[in-house]
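Just one chain follows, in the form predicted alone, and it is written as structure tokens.
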Amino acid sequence: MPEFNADNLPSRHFINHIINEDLKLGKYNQKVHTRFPPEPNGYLHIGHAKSICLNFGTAQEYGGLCNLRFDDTNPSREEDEFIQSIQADVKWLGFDWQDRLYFASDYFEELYQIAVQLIKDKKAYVCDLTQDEMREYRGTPTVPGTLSPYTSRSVEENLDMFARMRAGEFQDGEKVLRLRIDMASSNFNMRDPVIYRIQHSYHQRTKNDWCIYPMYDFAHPLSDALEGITHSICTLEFENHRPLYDWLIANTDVPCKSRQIEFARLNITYTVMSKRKLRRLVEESFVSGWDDPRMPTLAGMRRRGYTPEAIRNFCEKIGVAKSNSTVEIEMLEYCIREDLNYAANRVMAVLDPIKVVLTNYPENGETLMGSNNPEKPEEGQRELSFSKELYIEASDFMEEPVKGFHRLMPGGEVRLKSAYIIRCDEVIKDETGKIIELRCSYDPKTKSGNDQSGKKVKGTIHWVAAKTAIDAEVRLYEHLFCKENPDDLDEGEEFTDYLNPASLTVIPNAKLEAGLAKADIGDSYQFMRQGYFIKDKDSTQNKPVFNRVVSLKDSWGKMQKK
């Protein structure tokens, strides 16, 4: 850490204030060491991004360190796929744990020996009560709990029972190890909590070495202490667990007296953040997988086309608070647009094509030039193939225009982006009355960049040349849920009842400008007047697939400017 200067410490939020006070008092040798401790039982979501940015970001602010530690204490729900995906997500967000990758399983022997010492100190005992019996003995918020009849076991008997639990002599659920704290505590977490349970499950790292596993509330604080974590930053639901965290730190011989600090978790409208619910969406095939672009997982957002810069900016904008609240999803979308508006080059794509024939245009066509990105002039221009036959959006033509419609209409004129002004002369329909073609004429004196006509038109529309256009599948995404808070349910309702049937619309044969044939997987573009899009991994050599990242509409940004 840089040389300590009490007058030059960050003070953006209350966590800074707590850490600053610790540093001024000389705690932790004026060092800051944090950690991000995910459970490898699913993919990370946007809520985890806030925690990642806060833990790694806090360490960076103070010139300290941040560990990545997997809480792998429940092998029945954990998979290597999740471990690999979590590491990829943290790196994608731009953070590096360097050589500090740890697992709670690294400490299984040390945690076991700490438990043994607690038994010797008469602070832990083996209990045979069933889960239902423990729940009954625990009491109610207004009625103190009752001591387990097994608290009378001697130290020797408890040590023998615990050793036999480890040796595999008992079945799952037959016995547990509990702390001896206070059955009359107003905090249920202090009413003799379970710290070890029997679970005959194969562990991906320790194999079959263990059949007893520490509970999260035991393994977490002690892992922090063993790693020298100074400030254990976690979400608000662990506030009631802090007395137990502090009790374990105070009653065990550990090298660091870590301090737990809670902050408000991230909630976003039209989104669920429960890993259990996200797992259900995947396992019951409501979505195509953990990286479905509609999912709030970081893998899904990455595939959708969200950028790490935008997500970090979002986390910065929402700030760090002590009380829970819900952020509008439009704010996240604003951050995505803000980043892609600068980063993404402009191209033309027609999603609902209608053919335009320029009756007075030469057969051979020409090459025009279009700006790649007006926000970045250094990106220069690209070549656009222009020809006699074009495609425009069907919505850019109206046979009987309504008031205020300034695009193409019979007898009306409109400018083609980076090209010419055209006039609609004739509408061709099929036998059902459907419009299949527009016959138009162009004015050669109105070439974009060299307009000599003096004409002024109110509308400009995008287009692609029919001769060189490529076919593509385009996927339009909306919110996964149609209810603002899908966790707020009435009796008998399921959160899946509010899945949005319009969350995915597939356009099988959109027409894209020819240059997009060279796009790589993951390349992002602004489809003019359509939104931001990214090339998806489902693309084939013959047919690319593009996901809409976000539309161009920005209600949240407009609200902030009022």
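Only a predicted model underlies this, so the values are computations on that prediction, with no experimental measurement involved. We number the residues from 1 along the sequence you see.
Just so it is clear, the following notes concern the form predicted together with the RNA, a form of the same protein that is not shown.
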If contact means a heavy atom within 4.5 Å, which one of 359-367, 80-88, 245-253, 193-201 is the stretch that engages the RNA in the predicted complex? 193-201
Ser186: heavy atom within 4.5 Å of the RNA in the predicted complex? yes
Give a yes or no for Met134: in the predicted complex, does one of its heavy atoms lie within 4.5 Å of a heavy atom belonging to the RNA? yes
Mark Arg12 yes when one of its heavy atoms lies within 4.5 Å of a heavy atom of the RNA in the predicted complex, and no otherwise. yes
4.5 angstroms heavy atom contact with the RNA in the predicted complex for Tyr334: yes
The RNA isn't shown here, but in the predicted complex which of Asp291, Asp352, Asp425, Glu330 has a heavy atom within 4.5 Å of it? Glu330
Under a 4.5 angstroms heavy atom criterion, identify the one residue in Val116, Ala394, Val320, Cys211 near the RNA in the predicted complex. Val320
Is any part of 128-166 within 4.5 angstroms of the RNA in the predicted complex by a non-hydrogen atom, and which residues would that be? Leu129, Thr130, Gln131, Met134, Arg135, Arg138, Gly139, Thr140, Pro141, Thr142
